[in-house]
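Two forms of the same protein chain are encoded below as structure tokens; each is given separately, as structure 1 and structure 2.
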Structure 1
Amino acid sequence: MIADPVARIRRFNRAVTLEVGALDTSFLGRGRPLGAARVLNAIGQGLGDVGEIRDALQLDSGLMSRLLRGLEEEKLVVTEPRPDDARRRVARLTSAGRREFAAYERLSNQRAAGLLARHPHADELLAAMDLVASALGRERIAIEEVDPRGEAARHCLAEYYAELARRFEKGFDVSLSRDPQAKDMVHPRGAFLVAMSDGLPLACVGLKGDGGETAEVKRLWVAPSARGLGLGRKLMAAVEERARALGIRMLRLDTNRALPEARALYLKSGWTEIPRFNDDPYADFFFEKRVCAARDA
């Protein structure tokens, strides 16, 4: 009873409400109501269109308008009609606005850093926070196609290689593996997909093509804090879809015996085991799947 799951969630809610409540009122620490601070923050994050901000913050149009007027009176923001459609207006920060936005950012960062400094095992705390945030925000996870040399992809790949090094019996050295060139994983030969959750990349998969009708699926990885959310399955479906759009007819992949959950996923989602098709020292199992085929035929 005392460890009743529901009671534990409610304890979590109380703990977090206290902490996050303090965070909200810290916005008031700069003498501006929360609503105005939120709008300033949204503009600082890069939102410009008034309608966009309104949607993002779920504000009534009247309220939005007034908050914007207030920020204009403070000379933190200027608005102007959009050249291509003069009904819409775009807002941007003045230099004073940028200073003020930076001050809010600093405050938030200080609070977060303070929390970390107070906790002796910051790594575990962060991992737990990631897990909770991913679970709570699972409806807001979006699959995006990104540049495999960009920040999000590099983050995923670094975590992926580190995990292989931990899990493979003999460790993992990326230079021994058949490392695909990044240019084989960008349009129009291939693609690189990541699952983004509020700015944090949680999972990735690469599609490596050579311009022909066959391509290879590589680098499937899901962050430990996001396992169980079905991201592997979603990414595999997305990469198949992407391959179909690129005119690819046959997909292949290889995997290692130290990754049983990956093999289970492939078996479960329509892949067929085939004989070895390369000499990668880390590859133990080989699969293929035809795309563009009639469904369930």
Structure 2
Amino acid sequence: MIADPVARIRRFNRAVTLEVGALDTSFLGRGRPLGAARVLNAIGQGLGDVGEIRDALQLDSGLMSRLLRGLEEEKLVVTEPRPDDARRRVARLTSAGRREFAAYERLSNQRAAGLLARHPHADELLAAMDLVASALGRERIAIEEVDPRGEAARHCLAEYYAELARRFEKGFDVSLSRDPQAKDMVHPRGAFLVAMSDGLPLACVGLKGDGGETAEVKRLWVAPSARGLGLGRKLMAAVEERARALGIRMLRLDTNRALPEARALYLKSGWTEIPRFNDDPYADFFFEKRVCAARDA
């Protein structure tokens, strides 16, 4: 029984249920259960369309209506027809609702900070939580094109460079590498893609172009907590799609021998190994792949 995987999952479920107060009739002591608090939080976080809130929280229509009705009766939320589609409704917080949302945010942050403070290995706890959250939310991970100089991109690149420094035999100094230039990874020269999960960036890849028909794929990285979910393949497919849309016909990339999983991914994805095409001191293997530009289709 102790080693039974199903029993261990159920133990985990019970622990989380108790920790988050899922069974409390007054979640965080604010007078309403978790379901109503989650709807209030979703509206406070920027969701307005009632159908989108229902889908995001995976609620059925009847329960969603009851929860909204309760929040309306408390004068925390008002709903009204969408200006562009009277068949749909949007919800917004009242002044009292915004105060209640702020109270939930403060209490939730305090509870999270308290959990970390009482655990002797907070970083390991967070890593385990990231792993579980990525596994449970894999269907909701979205690939977005972002500014390569923005917060999400910088987070991914910092994690990527730190991992290379750990894995490369002689470490990694980004100043010695063919570091992607931000101006070459934005439309119309290129792109920078990030896989996002509920606001957390989990993976990235860059497309570095010069306006011509050849471009490089750079900085493919997946967070350890999200490995094994197919994000690397999805990002490579997405970057090829962006390249086609930009009229790029040939993609190239390089990788280091300390990253065998990357080389295996490229070989499985139809890339062809070619002779060295740059002077990057960290590159050991070189690949290219011909893509059909959108205007060729």
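Reference numbering: structure 1, starting with residue 1. What you see is a predicted model, and the numbers here were worked out from it, not measured in a lab. The term rigid core refers to the maximal set of C-alpha atoms that superpose within 1.5 Å between the two forms.
Taken from the structure described as the form predicted together with the DNA is structure 1, whereas structure 2 is drawn from elsewhere. Relative to the superposed rigid core, the position of the CA of S269 differs between structures 1 and 2 by less than 2 Å. Positional change of R82 between structures 1 and 2 reaches 2 Å or more at the C-alpha, relative to the superposed core. When the rigid core is held fixed, the Cα atom of G228 travels less than 2 angstroms between structures 1 and 2. Relative to the superposed core, S65 has its Cα moved 8.3 Å between structures 1 and 2. If you overlay the core, the Cα of A103 moves by 2.6 Å between structures 1 and 2.
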